[in-house]
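Let's start with one chain on its own, the form predicted on its own, as structure tokens.
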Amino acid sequence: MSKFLELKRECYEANMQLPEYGLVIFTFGNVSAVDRKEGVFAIKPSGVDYSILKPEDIVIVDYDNNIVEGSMRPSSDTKTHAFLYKEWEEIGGITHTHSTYAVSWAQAQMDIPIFGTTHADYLTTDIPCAPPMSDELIKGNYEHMTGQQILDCFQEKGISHKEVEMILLGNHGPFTWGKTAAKSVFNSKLLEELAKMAYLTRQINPQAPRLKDALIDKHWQRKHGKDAYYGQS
């Protein structure tokens, strides 16, 4: 019996949330879940439709992209996941989708502005969009360099990946992460809703102003600050 049954189940259940939340169609996405103690992560197999995906199909790989367990080829984005797990040791799950509104902002090569308090409940900054990858890097180790593209964007913008658990890649789409695979999926759904709200805001008023700092701080602090009072204790 596999010692990774629980990890596979966690990964499978997180992946199955993507079609449930309307974040993917066909095979357009993947979620991974990491086991730091074992130095491996579970990830969706490449090109397998969610309608036929089973827990036993989930592939276990190490941080060097070697298959540890599984009969299928892992996601084509596996090297990106491995890169981020190596660089950011506190994250436990990663999600990548091609959800409609998030991808639209990525294709427009634009950050998603913080327009309202819904955004400020979870983030105090715009959602960053990394510039498209250079031709030289595209011809190289593309999926590995996608991870570097994410890292470079956060460093250049001076943003912490611990505070902003999501990014758009120019002309590509969104990646999100979190302490668990389920949290990374939550962040993916959150990103899609914020992308949709921002798009509609721009349609109604192309000159809509960014949310003022006082409201950003208020909504962030009441939910995440030291004197937070949102929810139940």
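Predicted, not measured: the structure shown is a model, and the values here were computed from it. Don't overthink the numbering: it's just position in the shown sequence, from 1.
A second form of this protein, the form predicted in complex with another copy of the chain, is not displayed here; the remarks below concern that form.
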Next item on the list: May I ask whether K8, Y12 and A130 all come within 4.5 angstroms of another copy of the chain in the predicted bound form, judged by heavy atoms?
Entry: no
Check: Is there a heavy atom of I204 no more than 4.5 Å from a heavy atom of another copy of the chain in the predicted bound form?
Finding: yes
Next item on the list: Using the partner position in the predicted bound form, report whether Q148 sits within 4.5 Å of another copy of the chain, counting heavy atoms only.
Entry: no
Notebook entry, point to check: Closest heavy atom of T180 to another copy of the chain in the predicted bound form, within 4.5 Å or not?
Noted result: no
Next item on the list: Considering only heavy atoms, tell me if E193 and another copy of the chain come within 4.5 Å of each other in the predicted bound form.
Entry: yes
Item checked: Sequence-ordered list of residues in 119 to 137 near another copy of the chain in the predicted bound form, where near means a heavy atom within 4.5 Å -> D121, Y122, P132, M133, S134, D135
